[in-house]
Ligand code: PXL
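As a starting point, one isolated chain is supplied in structure tokens, in the form predicted on its own.
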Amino acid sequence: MSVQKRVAAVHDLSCVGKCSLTAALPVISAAGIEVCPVPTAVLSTHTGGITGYTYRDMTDEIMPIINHWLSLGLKFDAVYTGYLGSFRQLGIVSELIDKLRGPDTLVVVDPVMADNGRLYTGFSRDFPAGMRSLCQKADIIVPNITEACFLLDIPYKPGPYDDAFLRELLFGLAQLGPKQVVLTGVYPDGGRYGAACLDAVTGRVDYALTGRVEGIYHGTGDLFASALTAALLNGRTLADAAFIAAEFTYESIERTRQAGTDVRFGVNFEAGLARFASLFHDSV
């Protein structure tokens, strides 16, 4: 039995809504990997389509958590970051990466800040510049199309997307410094949806496309990035990991659509965790 891998997951904790830590913890754990959460904020629910939620900022707790871990001699195979609510948190998480990163630590940055052509509520127009600096420290970044446009400071355009535009985004993002880029929210036509991947070392571009379900399903970006991180840490190639993540996310959305559940409260990924875990049975 090999030594269990460990991930530091730096995200907010939305207690209802199946996003951020409530996706990262079960999904990565199902793949046999220990997840150590670093909550950037605690909310009663996520903020998409829901009002009246509670919010507790955890900025002042982040570095004390990390320093305690370091005092225990803990080592991490990956640092995986998601929603960060302020410039101050961007700086703190940059320091966190420096402190936790070892020679073989994978740094995954999901630059959560925008979708559908707009920044999320609460983010200023200069926030993407700060996120760009954080992406420069990553081994792999996982933006959606909108976030990619903000990171590159180019105009957003709605899909469908042709190969030339997607390559422009992928290779532009690679210039920020990450060795690998996975671009989500990709669809070349009305029937297929998924991700485009670039290995910046080899220049290889791959697509991970599944079926497409119309509508807005909250938390699916976090679900995809968590599944991608789990697959990569289990030794899968970038293209294979992206397809595993895309398929797992699509099946979770389709399961939710068929059940007719309130999409504000997230997708039913739990029913697919056993199958997801079985993909790594020989590795864990």
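So that there is no doubt, residue numbering starts at 1 and follows the sequence shown. As the structure is a computational prediction, the values presented were derived from the model and not from experiment.
In what follows, reference is made to the form predicted together with the named molecule, a form of this protein that is not presented.
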{"property": "Contact residue in the predicted bound form, chosen from 62, 239, 43, 33 - any heavy atom within 4.5 Å of the named molecule", "result": "43"}
{"property": "Among 215-223, 65-73, 242-250, 255-263, the region lying within 4.5 Å of the named molecule in the predicted bound form by heavy atom distance", "result": "215-223"}
{"property": "Residue 29 within 4.5 Å of the named molecule in the predicted bound form, heavy atoms", "result": "no"}
{"property": "The named molecule contact in the predicted bound form: residue 161, any heavy atom under 4.5 Å", "result": "no"}
{"property": "Contact of residue 47 with the named molecule in the predicted bound form (heavy atom, 4.5 Å)", "result": "yes"}
{"property": "Exercise: residue 19 in contact with the named molecule in the predicted bound form, heavy atom 4.5 Å", "result": "yes"}
{"property": "Contacts with the named molecule in the predicted bound form - residues in 105-129 whose heavy atoms fall within 4.5 Å", "result": "112, 120"}
